[in-house]
Structure formats: C-alpha cells, structure tokens
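Encoded as structure tokens, the following chain is the form predicted alone, with no partner shown.
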Amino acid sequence: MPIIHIDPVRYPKVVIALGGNALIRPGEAGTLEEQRRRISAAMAHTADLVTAGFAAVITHGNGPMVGQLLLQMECARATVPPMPLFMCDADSEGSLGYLIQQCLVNELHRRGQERGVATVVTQVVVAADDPAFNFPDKPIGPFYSEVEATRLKTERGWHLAEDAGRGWRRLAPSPRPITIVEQKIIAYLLDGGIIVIAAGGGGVPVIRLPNGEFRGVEAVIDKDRASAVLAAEIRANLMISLTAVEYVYADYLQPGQRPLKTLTAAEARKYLEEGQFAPGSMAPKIESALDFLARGGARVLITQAEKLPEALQGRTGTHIFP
C-alpha cells in the first residue's frame, strides 16, 4: 500500500497523543526544567503541524507526575490531608496542560503565529461495574517495604504488589473509557480555531450516579484509549500517537525485528491477536487505533515525536488504515 503524505485538506482535524517520553525520560529526576525542555522539543514539531493548517487536539500522559504527587502527599500526610487519586489526576492534568500550553504558544510565536491555546480539564466516564475495579493492575506512586505494604493494605484497603525486586507499589484499576464529558466544549473550541489540550493522563475518571450527577473514582485511564474515544467523538480524521519508537515492529527486540510501515485494521488486529505487541506498551496503542478506525477515523500514525515531519510526508512511521 503506498503511503500518501498527510495534509490538512485530506485530514483537517487531528488528535495528537504525546507519550510519557515526551515529558520525562528514564534516569531524569522530573524537575520543572527537565519537563519544560522535553515538552518544548515535542511542541516544536506540533507547532509545525499546526502552522501547516491542521486543527489539533493534544492529549498526553501523566504517569511520572502522578507518582510524584502521591509521594509528596505521603511525605506531608501528617500535616496536609491526602487527596484521592482522581484529584491527583486532575492536578496533573492542569499543571502539565499549563506547561504544554505555554511551550506551544512560545513555539508558535517564534514562527510568527499568534494562536489561542486552551487546556480543558477533562472528565472521562467509566462504568461503575467495569471488571477492572476488581483487578487493579496499574502500578502508581512510591515504593514501599513489605512491612509498609502490609500496613497500607490493612489501613487503607489498597491493593499492592511487589515490583521487580524494587519494593511494593500500589495498584490502581484502569477501567475502559466510555465517553468524554466535555466533548462538545472541546469540539466548539476546535471549530473556533483554538488548539485544545485535553484528556491529560487519560482524563479524570468519573462515574454517573443514578441521579445524573458525576462522581470521581479511584482509578487511572489509559491515555491512548481515552484519546481514541475523544478523537471519535469530535469526529477527527486522523490520530497521531507520538511514542519512543519510530515504527511499530513485528518481533520487537528479536533478531528478526522488522518495521511495520503500513497496516490495514485487519492486519493490525491479526498481529495483536498473535501477541506481537507488548501489554501496557504498544498493545494499548494498537487497540486504540483499531477502536478509532472502527468508529469512523480515517488514519492512525504511530512514530517518534522527532520523526513527525518526515512521517507526515509518508517517509517514516507506521500508518494504519481502515
């Protein structure tokens, strides 16, 4: 299948999902300046895309930052009441949205573009009876000793598990996103020429009560799955996932590793069912791509942030079509 370049006439509305490596890399402390440097680099490529004429919504991960917030609360719990996990989701969505927003405005200014950029703290509806609530599996927060883990299980009812010999960590459920509460607001801003930052860290998980009210729940939502739901609901044509690798690979890190440059949805599903994509890494991205395409999306691109200009020309990256 020939890879046709991506242009704003064919694909006018795009959701760009920034992976965690765009915010902090392994070995970094996660200081403000490190985050700003990483985000500025990612926004340089995003600014080029926006300048070319695409209407863009930016989503992003928040894993390292939520962990830092939880650690801060543990250190200060004797003097400051700790907040629930969904409040940490909201806090990180706001603070990271601010950094992304500012860095993008600065990058656009350098290109002579004065554009409006807005962060929307986003609520994402999940099912109260989602099976994930019974099987928490997403490690979050600091490491604990076995003695501390036993105490926390008893005192707070947390699920904890030993993590690769490094200590014990809290496990959070990761229910599937159903719908985006603020989807109409995001679409309205986008149609008005505003670049929108939304569904940060997968958004704030909420359930809808029988009386119609929303209520936050202790969980984390996969950023790629939330991005796919948002992209479908605002009728985006294109979803871009910026990650740590240039391509999606078959036989990844094996002697026969090979890049998958173009895939149909059927081919991607076949590789997924064969176990070619790692759970918690590439598998959610492929599952999200398939969900987006099944709900009317036209194309998915998966590549590194620094390779985005070449990928838009069809020269690199993995391109997935219905």
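Because the structure is a prediction, the values reported are computed rather than measured. Position 1 is the first residue in the sequence shown; the rest follow in order.
Note that the form predicted in complex with another copy of the chain isn't included here; everything after this is about it.
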If contact means any heavy atom within 4.5 Å, which of 169-177, 231-239, 248-256, 97-105 contacts another copy of the chain in the model of the complex? 97-105
Proximity of Glu155 to another copy of the chain in the model of the complex, heavy atoms at 4.5 Å: no
I'd like to check something about Glu182: if you look in the model of the complex, is any of its heavy atoms closer than or equal to 4.5 Å to a heavy atom of another copy of the chain? yes
In the model of the complex, does Ser288 come within 4.5 Å of another copy of the chain, counting heavy atoms only? no
Within 4.5 Å, heavy atoms only: does Phe135 come near another copy of the chain in the model of the complex? no
Counting only heavy atoms and a 4.5 Å cut-off, does another copy of the chain in the model of the complex sit next to every one of Glu162, Ala298 and Ala311? no
Report the residue, out of Ala244, Ile140, Val121, Val125, that has at least one non-hydrogen atom within 4.5 angstroms of another copy of the chain in the model of the complex. Val121
Check each residue of 206-235 against another copy of the chain in the model of the complex and list those with a heavy atom within 4.5 Å, in sequence order. Val206, Arg208, Asn211, Gly212, Glu213, Phe214, Arg215, Gly216
